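Just the one chain here, laid out as structure tokens, in the form predicted on its own.
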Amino acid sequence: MKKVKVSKFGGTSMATAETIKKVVNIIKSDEERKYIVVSAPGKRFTDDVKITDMLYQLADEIMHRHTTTSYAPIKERFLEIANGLNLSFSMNDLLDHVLVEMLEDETLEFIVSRGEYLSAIILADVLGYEFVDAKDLVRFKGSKLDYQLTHKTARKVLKTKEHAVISGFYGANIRGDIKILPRGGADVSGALVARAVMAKVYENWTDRDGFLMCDPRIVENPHLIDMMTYRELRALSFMGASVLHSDTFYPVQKEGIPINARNTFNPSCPGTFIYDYVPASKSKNVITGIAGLNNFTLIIIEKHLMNEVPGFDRRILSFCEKLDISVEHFPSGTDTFSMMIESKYLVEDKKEILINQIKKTMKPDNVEVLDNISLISIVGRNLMANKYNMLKLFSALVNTNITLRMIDYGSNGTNIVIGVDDIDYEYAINAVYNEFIREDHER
């Protein structure tokens, strides 16, 4: 296929007629932007409601009360968008037809998917591109996305399209029933399209310049990440840093297609590029980014000659599995086994049940429980390349009087995860950022 770009535009980009005009200008500024994937209209201002949320409310109303009162504000929003654009069709007639289809189908997934469906029809008409319904591209097996069948189907359909606007967020099973992806799934739709057409780059346009090195609510004016690897992105996303849906990476990484996170409202900014591999010579900083999560519980189990008890750790993890408790990290040492567990999994007496099971079955010498722990992931492809980096990291924490509760070295050499008290969370992130980033940029 020809060298093309796939561009996905998020909800804020599709929220109003004015934002859609910005989208059109961006697309027309680069002739390689031939395949466009869109979300449903998002928030126009802080307290606004996304169309998808409104559709969830409508679905509940249709399915349980057989009324359509909440359809009026949805229709009003789309008519407002249409009135600001020179469409070649009657938006009012289309909306009336869609409502009839909703009442006939009466499934949550069909109703909720109509936001992206209408959004794509609007943009296709404005651009003069062909509209492609995601149900004809994205395939589900049961409730799960079928990557291989989707790739085969999308490749076959899109190779005949010179330009296309595709609805994100949903697809269909083999019977044609609409199935939806998790919230934010339009990112995944874009990645699937990018893989199908073997795009030179997958652009993901939102209302942010790209990925910041830290949460700006914690670190003042953090730097933008200019480039990173998929491995680094996975590490940061796992810890809560998110501009993209976490399932986005697989389709494009498999084919070595880079992602470029861009800002619709600041298109002159090059954004963040994500590659499968970035040479060390291209790296400006030792650290790529810092992310974290609060509210964990650390359980430390001590037992003399633990290593002589076959399957000690496996048995403890099986207790967690039976209680539906997910363990994030389990750093261990001589005669100790530790588990870092998100506290939300330990509600309804599960913590007490787990501890009692461990004491009764494993006969440990001691079990220590530390609540209110935060996990911080320091991510960088060159982090482990120099022993001095570790000295800098721990010196920054010690000098800020941060008590380390856990250290876990990533097996792939990309990141280090530390555990600190919740009260020290923001201090620790600022200490690491100042040591590695501000100091380097001020030299």
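Owing to the predicted nature of the structure, the values given are computational and were not obtained by experimental measurement. Don't overthink the numbering: it's just position in the shown sequence, from 1.
One more form of this protein exists, namely the form predicted in complex with a small molecule; it is left out here, but the text below deals with it.
To verify the annotation, which of these, 389, 52, 374, 414, has a non-hydrogen atom within 4.5 Å of the small molecule in the model of the complex? None of the others qualify; the residue that does is 52.
Just one of 282, 161, 75, 183 has a heavy atom within 4.5 angstroms of the small molecule in the model of the complex, so which one? Here the answer is residue option 183.
Is there any non-hydrogen atom of residue 36 lying within 4.5 Å of the small molecule in the model of the complex? Heavy-atom contact with the small molecule at 4.5 Å: absent for residue 36.
Quick check on residue 117: any heavy atom within 4.5 Å of the small molecule in the model of the complex? No, residue 117 sits far enough from the small molecule in the model of the complex that none of its heavy atoms falls within 4.5 Å.
At the 4.5 Å heavy atom threshold, is residue 296 in contact with the small molecule in the model of the complex? Residue 296 lies outside the contact set for the small molecule.
Taking the shortest heavy atom distance, is residue 205 within 4.5 Å of the small molecule in the model of the complex? Because no heavy atom of residue 205 falls inside 4.5 Å of the small molecule in the model of the complex, the answer is no.
Counting only non-hydrogen atoms, choose the one of 393 to 401, 377 to 385, 63 to 71, 44 to 52 that falls within 4.5 Å of the small molecule in the model of the complex. Looking at the partner contacts, the answer comes out as 44 to 52.
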